[in-house]
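Here we start with a single chain on its own, the form predicted alone, put down as structure tokens.
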Amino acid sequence: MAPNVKNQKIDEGEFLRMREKVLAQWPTGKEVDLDEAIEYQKKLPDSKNYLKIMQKLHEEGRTVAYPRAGTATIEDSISLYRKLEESQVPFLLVTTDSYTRQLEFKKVEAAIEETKKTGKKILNGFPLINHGVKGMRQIVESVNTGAFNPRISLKAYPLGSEIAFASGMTGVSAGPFISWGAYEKNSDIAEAIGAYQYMHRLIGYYADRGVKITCDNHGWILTGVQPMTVNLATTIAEAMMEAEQGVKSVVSCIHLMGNLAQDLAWIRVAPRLMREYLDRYGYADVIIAGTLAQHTPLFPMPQGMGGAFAYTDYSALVGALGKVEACSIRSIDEALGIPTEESHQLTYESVNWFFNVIRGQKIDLEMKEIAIEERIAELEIRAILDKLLEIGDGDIVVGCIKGVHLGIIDSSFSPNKQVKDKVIGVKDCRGAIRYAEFGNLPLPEEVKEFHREKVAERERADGTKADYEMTIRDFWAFNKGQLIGKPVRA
């Protein structure tokens, strides 16, 4: 474990010294003036403030689309975000390109020039750092409504967040687990948390001066078929890390996996437990701005138009029934490459139908299946969090670092070499995800027995063992419009 990485607020003097090195990474860092940036943020209207939008949606009982977007040039970006504004999308995400995520800024410059000359879209996102504060502010000021929110990477977040917040972005994907566990091969968990602490401290610096920037926490994005309770436990851990550095507004993110009862149970349990653990550890002043349901992140996108619409609309349906404030949606042509403006508009027209019609009915859905899933999810999340706090002697950062090395938090098929990868999941007969192998997860025995019974039922129904072949079949099932992966008979 790397030394001195703890859940302890970075001293302001030390933080300001750290900033000098961060801003020197690329010339656009010189465009950041913290005092001026804070005043710029304060002048933004409520219609561009992430927290204010979330709170208004909660008060009005509405759900909206939360898109994924990012294109290389300022001109194309302005056109895209204006189209999203027309589609009544109040959250405007800025996904950065792969070169930016690896700090390869010279390659970005060459790609931008090539795009301008040929019109070819070479970059797979928006080069935030190269365009800098001046370029990004052109985009922020091009729309009347919409809270901008960057998606960067572990390596680029320190400088990227400096430019983003100085540009007028008011939200950010802020947890260390998503980048480290799903996108990085060689990154060390302690170094990852340390890198994100810089961004959290920067947000705390803004908060101390009256500007609340909201962190949405995605936790450890699991890369295999596995219950999302490990993910949800880490979203709560991330909120505690952020709060220690001075963050005052967070969002609970729930990733939907295709079983209605299980998805709705996670939506209900996760924000409640996040509130409980924040309060218990002295962060009662942190606002949970809202709940974000995430479009099923794991399974492959259908490439047929009918399946693509169904895929997005399932998430919209669950988001509306779960009464979340926003639902992250992938456009219908994401499987084919960089989405077009037209596909964005069609996607949000479709999901808005569900948000308006289903959410407007104010349905309180009660099912025994949901109650069962809620109970199991709460037992699992508590067991993981409490064990992390125990081995960290109350320090959630130390606990998470040790927890990775011990496999107390774990996933299947992670690209990161530090991950134990000792757990494996399959779907049960109703399409809910269960553990076939628990690894070192500290789950109560009654929870393990519950999973064993559900897996055994699936094995009897399938006539096959719950093994690697079954989890691969289940991985592809949702893409094919199936509840579970069907065995291939000779």
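From 1 onward, residues are counted along the sequence shown. Note that the structure is predicted; figures quoted are calculated from it, not measured.
Only in words, not in the display: the form predicted in complex with a further copy of the same chain, which the text now covers.
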ask   = Using 4.5 Å between non-hydrogen atoms, is residue 353 touching a further copy of the same chain in the predicted bound form?
value = yes
ask   = Looking at the partner-bound form in the predicted bound form, is residue 259 within 4.5 Å of a further copy of the same chain by any heavy atom?
value = yes
task = Indicate whether a further copy of the same chain has at least one heavy atom within 4.5 Å of a heavy atom of residue 371 in the predicted bound form.
result = no
message = residue 143 versus a further copy of the same chain, in the predicted bound form: is there a non-hydrogen atom within 4.5 Å?
response = no
ask   = Where, among 448 to 456, 40 to 48, 24 to 32, 424 to 432, do residues come within 4.5 Å of a further copy of the same chain in the predicted bound form by heavy atom distance?
value = 424 to 432
key: a further copy of the same chain: the contacting residue among 85, 313, 395, 341 in the predicted bound form [heavy atom, 4.5 Å]   = 313
Sole residue of 154, 278, 358, 389 within 4.5 Å of a further copy of the same chain in the predicted bound form, by heavy atom = 358
ask   = Non-hydrogen atoms within 4.5 angstroms of a further copy of the same chain in the predicted bound form: do 309, 349 and 365 all have one?
value = yes
query = Looking at a further copy of the same chain in the predicted bound form, which residues in 460 to 486 have at least one heavy atom within 4.5 Å of it?
reply = 478, 481, 482, 483
